[in-house]
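Same chain, two versions here, written out as structure tokens and called structure 1 and structure 2.
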Structure 1
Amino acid sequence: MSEQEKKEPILDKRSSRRTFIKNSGLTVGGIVLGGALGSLLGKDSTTETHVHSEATASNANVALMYFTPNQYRITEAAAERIFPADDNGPGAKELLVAYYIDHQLASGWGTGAKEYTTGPFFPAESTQGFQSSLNRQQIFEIGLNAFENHSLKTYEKSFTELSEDEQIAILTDFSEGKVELKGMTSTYFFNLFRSTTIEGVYADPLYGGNKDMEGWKMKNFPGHQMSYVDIIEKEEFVKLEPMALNSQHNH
């Protein structure tokens, strides 16, 4: 399996990929594929693509509302560096955090629907908070592009093709404000990316991340429970099976 395909869960099954190719009306001969289809299929279109699990395969939420496939891949790779898989449990990738981020950007939060977006816009003191005319969709577009461009400039490789250490070095440059971005500092984008990743790890699974409540399980957080009256005075730690909000709905 190529490195590219490991990071490419968009098309979870070969069948869906085949259908896509068929429906797109393009032939996949021995000829070099250009454009979108080429990058979508990766280098070796005959190998098996990565399938997360049974649950993912049947999870209708695992699809994109806002990102382009490429933006999705960069997000998934960068989020995994913020919250990596380790002995404690899954990382951002397996928790489906990139889908969470995609879905959030598609929402009113992505366009700043409940924020004051009226001008004029002036440079601000740091104590005055966010003062740009950019909304989060635009911020992510600029920021993800910059992850990619900074990787190409530094390592002559795409961000998703970098080694772990190289990805960490790129993200560190962003966090330290070392990269020039349009309309914001790279630290601003990094912090937003970081906090959105953390949200995707721990928000109720209804939002698309925190797959199977694995984020909560690692943290011993029981999610949504009706009452803690019986344990509030207990001196020992009480471990509970977490519950998500869908436990309140009957299907």
Structure 2
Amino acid sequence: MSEQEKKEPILDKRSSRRTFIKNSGLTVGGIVLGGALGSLLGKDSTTETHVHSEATASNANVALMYFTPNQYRITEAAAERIFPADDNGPGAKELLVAYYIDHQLASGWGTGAKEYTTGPFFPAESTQGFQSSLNRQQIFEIGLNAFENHSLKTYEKSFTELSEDEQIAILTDFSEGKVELKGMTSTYFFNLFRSTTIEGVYADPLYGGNKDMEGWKMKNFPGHQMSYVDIIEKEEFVKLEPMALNSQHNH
């Protein structure tokens, strides 16, 4: 694969991992996305509390706003399996996708602030979307806890201690609906987790992921340019260095 080709969200370079994502049939279009991505698309917990991590860091994007440290580590590991580093560029871990997901969950998107979540609730028809009283914070807490419990049950190890292939096997069980969760199917949670991971790869760095705009660079996406007036009429492709929202204001 040349450097000009787009990087696909796969588990890694091996065909078996590509097949995992391809065969899951779980695409971004079937999931409610967070508000940060926009139209760009067309990574002992019971005793921990929600705390800010690295609170003294100069970059607020690398400070936890919702996750416990253990939830963050599980999210980081699972997101890296969905969007791993390869010859085309960095993976979800290096792109800080887990921070993106953390920040989204801490926002109104995580609490469902603008969504109607009052019952009665009925099993949705195949043509309808997900119906539940659970907000996304609750969905992720249930799902991440299930990642851990299923790992302990299957391999007698924490999810973060599993090998890459073992982590892929756990994610495969979730994608195929083999794990029973309260209030939703494991397929639904995997689908939501996967789509949010991809958002974190390609959203503006302002929201915590896509570190150094590396996600955009892999697709030659120009980001938020002030103007295209100098190149709009050119017939040849013009490669531009991407610009983030805050790069236009030098902060």
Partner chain sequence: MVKTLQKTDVVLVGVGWTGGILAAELTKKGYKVVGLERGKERKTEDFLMGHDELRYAQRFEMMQDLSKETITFRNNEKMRALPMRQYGSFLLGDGLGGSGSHWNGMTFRFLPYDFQIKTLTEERYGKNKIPQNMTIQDWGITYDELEPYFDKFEMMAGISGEENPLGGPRSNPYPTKPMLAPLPAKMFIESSKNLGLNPIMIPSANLSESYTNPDGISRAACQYCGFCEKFGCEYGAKADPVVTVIPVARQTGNLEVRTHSNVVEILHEGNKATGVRYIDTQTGEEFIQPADVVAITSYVLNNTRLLLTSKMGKPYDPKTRTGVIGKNYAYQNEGGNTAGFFDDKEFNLFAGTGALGACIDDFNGDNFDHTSLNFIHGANIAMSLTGNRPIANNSVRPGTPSWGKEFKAESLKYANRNLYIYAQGGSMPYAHHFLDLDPTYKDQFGNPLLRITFDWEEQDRKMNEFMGGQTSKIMKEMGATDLVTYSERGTYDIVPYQSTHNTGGVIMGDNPETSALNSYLQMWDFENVFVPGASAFPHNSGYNPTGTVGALSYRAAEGIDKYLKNGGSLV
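C-alpha atoms forming the largest set that superposes within 1.5 Å between two forms make up the rigid core. Numbers follow structure 1, counted from its first residue as 1. In this text the structure is predicted, and so the values were computed from the model without any measurement.
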Chain form predicted together with its partner chain, by structure number: 1
Threshold 2 Å Cα movement between structure 1 and structure 2 at Glu241, rigid core reference: no
Met226 C-alpha relocation of at least 2 Å between structure 1 and structure 2, rigid core basis: yes
